[in-house]
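A single chain, nothing else alongside it, follows as structure tokens in the form predicted on its own.
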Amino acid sequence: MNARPTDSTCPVARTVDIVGDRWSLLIIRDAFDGVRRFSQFQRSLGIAKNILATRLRHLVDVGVLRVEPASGGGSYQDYVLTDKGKDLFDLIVSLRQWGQDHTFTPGEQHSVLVDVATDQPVPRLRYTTPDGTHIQAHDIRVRKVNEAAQPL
């Protein structure tokens, strides 16, 4: 978790510098699943207290989580996703869907992300052009910072 981005012009590198380690991604996943308290994260993840404390502090410092007084009162505090943290939803869903496709054997059981209203599995994330055309990796390229935009 560097203080300075690996590649200051690459959004992927900057994102990985913030949330790219295993524990941070799993903390964010659990926060989307409603986990809020230190003890709940620790129980869910089986993570050492010192590592969890470091990751939670980092995610608060970078604005992905915020600390609030416990919802039920008491001396505990809750860790809650900020708007910035909630914007990681597509990333977590993409990781989940990739994992479903590539890390389980056919027929092997796994958790499934479902719509609350219908209890149906969430459709596969797909990125499209404004006219609805599905975008694939071979359809795009990265325009580097020093590269001029190509005329249409």
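Since this is a predicted model, take the numbers as computed values, not measurements. Residue indices: 1-based, along the sequence shown.
The same protein also exists as the form predicted in complex with another copy of the chain; that form is not shown, yet it is the one meant from here on.
Visitor: Flag this candidate site as yes only if Asn50, Thr54 and Glu68 all have a heavy atom within 4.5 Å of another copy of the chain in the predicted bound form; otherwise mark no.
Guide: Not a single listed residue reaches another copy of the chain in the predicted bound form, so no.
Visitor: May I ask you to state whether Asp61 is within 4.5 Å of another copy of the chain in the predicted bound form, using heavy atom distances?
Guide: No.
Visitor: Evaluate Ser39 for contact with another copy of the chain in the predicted bound form, applying a 4.5 angstroms cut-off between non-hydrogen atoms, and reply yes or no.
Guide: Answer no; every heavy atom of Ser39 is more than 4.5 Å from another copy of the chain in the predicted bound form.
Visitor: Classify Arg124 as contacting or not contacting another copy of the chain in the predicted bound form by the rule of any non-hydrogen atom within 4.5 angstroms, answering yes or no.
Guide: Arg124 belongs to the contact set for another copy of the chain.
Visitor: May I ask you to check whether Leu88 falls inside a 4.5 Å heavy atom distance of another copy of the chain in the predicted bound form?
Guide: Answer yes; at least one heavy atom of Leu88 falls within 4.5 Å of another copy of the chain in the predicted bound form.
Visitor: Only counting heavy atoms and a 4.5 Å limit, does any residue of 23-46 reach another copy of the chain in the predicted bound form, and if so which ones?
Guide: Heavy-atom contacts within 4.5 Å come from Leu25, Leu26, Arg29, Phe32, Asp33.
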